[in-house]
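What follows is a pair of forms of the same protein chain, given separately as structure tokens and numbered structure 1 and structure 2.
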Structure 1
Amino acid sequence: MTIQPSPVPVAGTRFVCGLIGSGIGESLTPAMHEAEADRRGMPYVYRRTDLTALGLSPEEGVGLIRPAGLLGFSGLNITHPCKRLAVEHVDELSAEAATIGAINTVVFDGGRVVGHNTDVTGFAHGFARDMPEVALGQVVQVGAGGAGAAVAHALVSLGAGRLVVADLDPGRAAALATSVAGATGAEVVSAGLGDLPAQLSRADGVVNCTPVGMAQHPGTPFDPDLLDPRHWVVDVVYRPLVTELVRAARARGCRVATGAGMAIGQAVDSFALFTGVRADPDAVAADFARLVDTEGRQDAHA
């Protein structure tokens, strides 16, 4: 699951990239891309197309993908609620994107429009950096939506022995477990939220892929008293970075990673696809921490 960058850009290439999605006004991805390009002296602009602000539907949003290529964009990130719909607007999909059925990155490669999923690779890179050598015998994942689909594939690629997926919507959890198990041959099962105490008691770690912990969805996705110090905990929510779950898990002595790892990882991988240049993840992580501070975000540090 390695991102293969496009050919190294010709000197003097100017990059125009963007993000299409709803409610993306606070996204840090544009600033992460531009900071990396500035460091390298690459002319690079990264624009937001916020469908909410523009009063556009998700269908109208994905309808902008091909025209962006014709207008000379180098690439696009695609976010909620367009990641699945966007698959219908590309000529070709990377292996991960085809398996998941969702894309967050589009590259205009000559006349062809190619879709990728750097949420998968980005989570995997972030996890490898933040949680080296943790046990992966049994992993519980709460949340089977867009982020959950990417994370489940990434956890299997990282070597999760048994992955248990739970969601408020049991049908969604079951469908994701079946699809990941079918695509990878890994042991992936779904469980009801009521089974979480038993599943967590046998788990090495847990990943939150629900929006619970964001300002609009306060709280924790499960009772933190189910956590022991032996559990590792990853929360993919990154607004705020330090969620109630992160705080509670730290207080219980767990090894904890925030949503920063995935946010940085997807940006590094998309930048490579757009430009052919591999960003230094440590430098992008430093940019991310500075941006979080500069923008006065809550509990900036992981």
Structure 2
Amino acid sequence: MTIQPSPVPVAGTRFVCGLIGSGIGESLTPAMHEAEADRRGMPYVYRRTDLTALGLSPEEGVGLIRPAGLLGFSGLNITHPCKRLAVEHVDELSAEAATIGAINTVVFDGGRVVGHNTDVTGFAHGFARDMPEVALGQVVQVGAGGAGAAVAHALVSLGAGRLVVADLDPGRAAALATSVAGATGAEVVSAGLGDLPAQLSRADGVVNCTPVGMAQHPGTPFDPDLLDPRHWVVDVVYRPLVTELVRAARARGCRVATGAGMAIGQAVDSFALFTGVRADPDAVAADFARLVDTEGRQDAHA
């Protein structure tokens, strides 16, 4: 899947973009977008709407989408827990978003509200960069929410031979597995969290697509003792960058990728949708690394 940029903007266009989600006060997405715009001399402002800080429900959060367009926003990113709910608040879905049933990017285009999903391409780009040539015979994915839907499609596109989707809600896992299998023809099956010991014993790798590990949801999505050095592990959470799962997997000798790859990839693609200008992936990756390093030094000083 390839994200097509919006039409190239008229010179002097001012961009106002934003992010809607819960617990996003530490998100690096605004800084990545603004840094890319600064490099290109583009007037660009990126605002957060943190539902947790404002005491708003996910339903109230997605209710802000259309008003944002009326207020002059160019586009929005949508994150946990609003990606599926947001589908009902747009006029049109890109082909990828319609297949996935979740959106993380909204573009306001001539009075129409269009939903996209850059999590798919973002995860695929990050995985290809961070996990080249890993075995994909059987992959276990934990989490079947909005991010999980995108990652499942990406894993199939990357060549997963058999994808096992596990979730705390077995019905949600089964629905996602059925949807992805029907759309792609791939072998995708569902499992409960209680099935993970058996499924991981036959797996090459595992991806965490749950919010467990985020600053607001500490812990691990499953028992790390189920891992051994032959497993590769990807965590889509990037705040914090080194989650408890990442730390535990490294301690067990696993090959590990953090959520940085997906965060960078989706930022690159959503910037293109908002502005019509394709961001430089290497420069955005450098921005991400600089921001993380700066935070680390500030924390150490404090």
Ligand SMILES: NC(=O)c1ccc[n+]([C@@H]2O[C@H](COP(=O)([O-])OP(=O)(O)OC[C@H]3O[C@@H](n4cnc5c(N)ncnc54)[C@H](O)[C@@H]3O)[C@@H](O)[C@H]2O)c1
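Just so we're on the same page, residue numbers count up from 1 along structure 1's sequence. Superpose the two forms; the largest set of C-alphas matching within 1.5 Å is the rigid core. Keep in mind that what you see is a predicted model, and the values were worked out from it rather than measured.
So which is it, 1 or 2, that shows the form predicted alone?
That would be structure 2.
Relative to the superposed rigid core, does the CA atom of Glu187 travel 2 Å or more between the two structures?
No; Glu187 is a residue whose C-alpha shifts by less than 2 Å between the two structures when the cores are overlaid.
Would Met214 count as moving between the two structures, using a Cα shift of 2 angstroms or more after superposing the core as the test?
Passes the 2 Å threshold, so yes.
Does Leu273 shift between the two structures by 2 angstroms or more at the C-alpha, the core having been superposed?
No, its C-alpha moves less than 2 Å.
State the core-superposed CA shift for Asp225 between the two structures, in Å to one decimal.
That residue's C-alpha sits 3.3 Å away in the other form.
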